[in-house]
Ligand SMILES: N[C@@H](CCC(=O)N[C@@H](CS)C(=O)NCC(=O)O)C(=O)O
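Here we start with a single chain on its own, the form predicted on its own, put down as structure tokens.
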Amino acid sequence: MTLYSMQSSGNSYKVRMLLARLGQPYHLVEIDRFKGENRTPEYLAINPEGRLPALALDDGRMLAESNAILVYLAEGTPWLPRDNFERAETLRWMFFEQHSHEPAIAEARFWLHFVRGGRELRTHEIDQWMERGYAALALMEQHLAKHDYFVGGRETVADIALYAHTHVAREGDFDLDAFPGIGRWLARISGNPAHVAMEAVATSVTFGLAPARGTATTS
């Protein structure tokens, strides 16, 4: 399989985390969003939305959207429960991550940590991100006060989906010290023997896509 990913992307990191836990070999193609490589004709031919990550399967089919990729890869493994209720709970937390968690925490991190002058460019949105992000973190803390993981007392793709952006939430100016349950949970996830850090570099990696013959690269 080939994973089109960006090193600092939380959504891309989710997939790399699960692939490492599964011991699944893959080739990584690093796409630099900051250089506009996700908007080139070559990448748009792979994923017309221009988003990362995208996963090319061995049979040539392409799968996009990070949480959809997690579910596909986790099928038939302990990371996706077979019990109907636990499976639905796993999906519920993954929907929560994409609807209530990632839009605030990941956006704040992007504009405040990666974009020069981002605080001034997004002054009006910052308060909204903080309010929504802290509300999401508070809900996670409430759950983790009684549970070690989000579903079934063990690590699932729900934990992987939520870990990716939460563990770097401080880069979006979120103070995690007020959430001890989240802190303990983060340590449990990173303590998995198969865990890989966001900054870890894959052994088989290509940087960028070569332009197709006769096609100009745009950014």
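Since the structure is predicted, the reported quantities are computational estimates derived from the model, not experimental observations. Just count from 1 along the sequence shown to find any residue number.
There is also a form predicted together with the named molecule; it is not shown, and the following applies to it.
With a 4.5 Å cutoff on heavy atoms, T166 does not count as touching the named molecule in the predicted bound form; it lies far away. Heavy atoms of H27 never reach within 4.5 Å of the named molecule in the predicted bound form, leaving it off the interface. Not displayed here, the named molecule is approached by G50 to within 4.5 Å at the level of heavy atoms in the predicted bound form. Among heavy atoms of R188, none comes within 4.5 Å of the named molecule in the predicted bound form. Proximity of R33, E65 and Q98 to the named molecule in the predicted bound form is complete: all three residues have a non-hydrogen atom within 4.5 angstroms. This chain is displayed without the named molecule, yet in the predicted bound form the stretch 98-106 from 98-106, 80-88, 133-141, 112-120 comes within 4.5 Å of it by heavy atoms. Along 27-42, these residues reach a heavy atom to within 4.5 Å of the named molecule in the predicted bound form: R33, N38, R39.
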